[in-house]
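One chain is shown next in structure tokens, namely the form predicted alone.
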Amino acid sequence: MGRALAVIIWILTFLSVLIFACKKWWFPPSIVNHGPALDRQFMITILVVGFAFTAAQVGLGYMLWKYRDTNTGARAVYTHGSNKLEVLWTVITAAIFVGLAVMGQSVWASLRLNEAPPGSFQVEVVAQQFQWNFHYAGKDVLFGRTDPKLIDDSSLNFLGLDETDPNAKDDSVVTALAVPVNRPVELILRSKDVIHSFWVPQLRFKQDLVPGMAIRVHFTPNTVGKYELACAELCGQLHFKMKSYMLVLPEDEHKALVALPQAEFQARMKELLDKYPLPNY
């Protein structure tokens, strides 16, 4: 049994490593400027952790093989171990993981701790069970005032937009996200009810939307196309239906889109969603 268990452990270890090595189930290509740095850090972490995992499992299999029950009648010998060795591998493990965290902090800080560059295109993202709402400021680049008391889903005023506010006259609220290519984008993330999570795999980040908070994230998309947008946080019974799309458009096409009135904006958005196919990976 000792030999059989050792062989099973080695086979499972080999298959686990093979799954990652063949990259059959891997990330879709990145479409943001910070993507290569994040992917590089991810690969370093995978290699380090993968080496530790493989060494531990091979060692476990070796111990099972060598010290299997041979029915010799010999008494088992107790050993307390080595405090020095335990301290040594604990220090080495801590140093490796702290080092990985330090290496990755620059990418994290650039996205989370620094403000968006001046001139970034802003969109207010408001999540609710079970729908995404995207608020665009229009030609004046000023968001109209919103008031929770004005929220009325039956009249499609999902954000409580105050139509008496002059800044709201050219605003649009639709259920898909459109951003310009090669220009910094800042999203202002809010939630009306429970915790949701904004996730487009190609953007290489995932961010929770928390009720009562306005969370800002920014990125610079560099590839035109249509990408799936999902809620990555279990938010209720119909969580599986809470999805939308993100369009990355050429600058001129995007500029023309956001300048349209609400009704025309929605119609044009539907046309663009049909125009751009989803990536076929």
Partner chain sequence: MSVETHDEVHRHPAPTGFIRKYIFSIDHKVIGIQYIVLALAAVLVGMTMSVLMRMNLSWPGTSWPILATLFPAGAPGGVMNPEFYLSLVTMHGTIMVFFVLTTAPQGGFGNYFLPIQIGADDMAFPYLNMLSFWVTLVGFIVILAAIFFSGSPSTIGPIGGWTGYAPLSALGAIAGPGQGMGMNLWIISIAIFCVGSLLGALNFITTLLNMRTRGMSLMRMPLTCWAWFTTAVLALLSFPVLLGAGILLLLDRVAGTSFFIPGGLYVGGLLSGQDARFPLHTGGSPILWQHLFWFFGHPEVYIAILPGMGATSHILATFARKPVFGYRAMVFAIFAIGLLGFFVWGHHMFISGMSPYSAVAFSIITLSIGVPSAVKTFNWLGTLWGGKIRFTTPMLFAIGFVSLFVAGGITGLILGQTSLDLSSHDTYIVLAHFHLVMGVAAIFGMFAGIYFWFPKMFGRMMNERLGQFHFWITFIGVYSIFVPMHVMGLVGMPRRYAQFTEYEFLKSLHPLVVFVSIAAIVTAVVQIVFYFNLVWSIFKGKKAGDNPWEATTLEWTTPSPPPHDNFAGRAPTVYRGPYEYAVPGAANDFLMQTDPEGVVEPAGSEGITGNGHNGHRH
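On a predicted model such as this, the values are computed, not experimentally measured, just so you know. Residue numbers count along the first chain shown, from 1.
We do not show the form predicted in complex with the partner chain, though everything after this point is about it.
Practice task
Could you tell me which of 170-178, 134-142, 117-125, 100-108 sits within 4.5 Å of the partner chain in the predicted bound form, going by non-hydrogen atoms?
Solution key: That would be stretch 100-108.
Exercise for the section: Answer yes if any heavy atom of D208 is within 4.5 Å of a heavy atom of the partner chain in the predicted bound form; otherwise answer no. Expected result: Looking in the predicted bound form, residue contacts with the partner chain include D208, since a heavy atom lies within 4.5 Å.
Practice task
Look up in the predicted bound form whether D153 has a non-hydrogen atom within 4.5 angstroms of the partner chain, and give yes or no.
Solution key: Because a heavy atom of D153 falls inside 4.5 Å of the partner chain in the predicted bound form, the answer is yes.
Exercise for the section: Verify the contact flag for P166: yes if a non-hydrogen atom of it lies within 4.5 Å of a non-hydrogen atom of the partner chain in the predicted bound form, no if not. Expected result: Contact with the partner chain, no.
Problem - Partner contact for P201 in the predicted bound form: the partner chain, 4.5 angstroms, heavy atom - result: Yes, P201 sits close enough to the partner chain in the predicted bound form that at least one of its heavy atoms falls within 4.5 Å.
Exercise for the section: Within 4.5 Å of the partner chain in the predicted bound form, which residues of 126-147 have a heavy atom? Give them in sequence order, or say none. Expected result: Heavy-atom contacts within 4.5 Å come from Q129 alone.
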